[in-house]
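Below, in structure tokens: the form predicted alone, a single chain.
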């Protein structure tokens, strides 16, 4: 028998016990170790470390399952490759399942039997979260959102000041005093959300969408109480924290009386608030919820805004955010938008559901502990971009924007990184 378990280790195993259902047990028992998933994983392809093969990640969690939930594993663990849930195993889990996985889901498509590998990774993250073993920088991002309402801890006064001068600039640019950035206005149709990195570092993306809303004659507002589209508790593995953040968005939308919540350009934000959120709060939303990508496509398709592709003639390519495309199913809308607003669009290879992650997903952009590794795996994406010989990379995700900017500098790609909303705003004609 292994060493006696500590209380913390018992807590982690207890979490695993509570999560075991048909879906998780099937995933833990199904891997045939064919190795095909290795050809899909950026960490293994870029770094060549066998620990990073997705099948190994599954087996790391499955070995604990076998050790404490199977008869042979309890009696003769070495016969089944079962491992003790000790400090060494836990440290490897943190390094491998937080620091060497973006949960991009690409491995599922290449698995010969369809094992849901990200689901296993997330289950282990939940175990580690229960033991307070989440990497410190990721946990601080979640705490900032819980304590201040946004993951960058931007004070409300600073946020309002930013919106105020953005509104003034918008009115000057459009020569129209009626162009507004509404704040906390009840009775509007749309509640628009933001990634906090926008007011902090990329305010022009807010201006771009404000211009789009104005030209579309849209009824919309922002909220100072809850505007953060992100939910990093999804990545930390703490469902209680994730539910708190989700409920705040629901409460504000109900308070303002909107009928639609529009999620800003953020891959995991779209997944967490649109698909995972109702599960966390255990109720359906009393409003429609869509992404900015879908809204922009609607505006163009319905003629609410008029665009001229000749306004964007530079060669550009598109990076597909994993949670928006591979797990969210939004593949064609952004391509439709670009087909109507640009003249020289070039696809990467591979693209769409087969696209490689930028390398910043899975909370990795928020985990400074793994910065070097995060940039290293991004070389695959950098090489993809270089091969298109374009000048601009468009991506409907601000986390991807940040990672791509890092790759742009690290690998000297020489491109400009822009959001889809910015491209559309530049293409608008009266």
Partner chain sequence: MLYFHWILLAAFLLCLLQLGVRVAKIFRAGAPKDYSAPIGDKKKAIGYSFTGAMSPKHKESAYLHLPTYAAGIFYHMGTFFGLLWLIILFTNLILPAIVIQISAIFLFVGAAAGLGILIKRIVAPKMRQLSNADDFISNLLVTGFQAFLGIALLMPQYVPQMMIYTAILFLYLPVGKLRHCAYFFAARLHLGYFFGHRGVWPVKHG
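Since the structure is predicted, the reported quantities are computational estimates derived from the model, not experimental observations. Residue numbers count along the first chain shown, from 1.
What comes next is about the form predicted together with its partner chain, which does not appear here.
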- Message: Under a 4.5 Å heavy atom criterion, is residue 34 part of the interface with its partner chain in the predicted complex?
- Response: yes
- According to a 4.5 angstroms non-hydrogen atom cut-off, is residue 50 in contact with its partner chain in the predicted complex? yes
- Item | its partner chain contact at residue 55 in the predicted complex, heavy atom, 4.5 Å | yes
- Query: Heavy atom to heavy atom, is residue 109 within 4.5 Å of its partner chain in the predicted complex?
  - Reply: yes
- Message: Only one of 24-32, 357-365, 382-390, 397-405 has heavy atoms within 4.5 Å of its partner chain in the predicted complex; I'd like to know which.
- Response: 24-32
- Query: All three of 326, 329 and 353 touching its partner chain in the predicted complex at 4.5 Å, heavy atom to heavy atom?
  - Reply: yes
- Note: exactly one of 257, 315, 203, 114 sits with a heavy atom within 4.5 Å of its partner chain in the predicted complex, namely 114
- Option touching its partner chain, based on a heavy atom within 4.5 Å in the predicted complex, out of 276, 84, 218, 167: 276
- Item | Residues of 184-208 having any heavy atom within 4.5 Å of its partner chain in the predicted complex, listed in sequence order | none
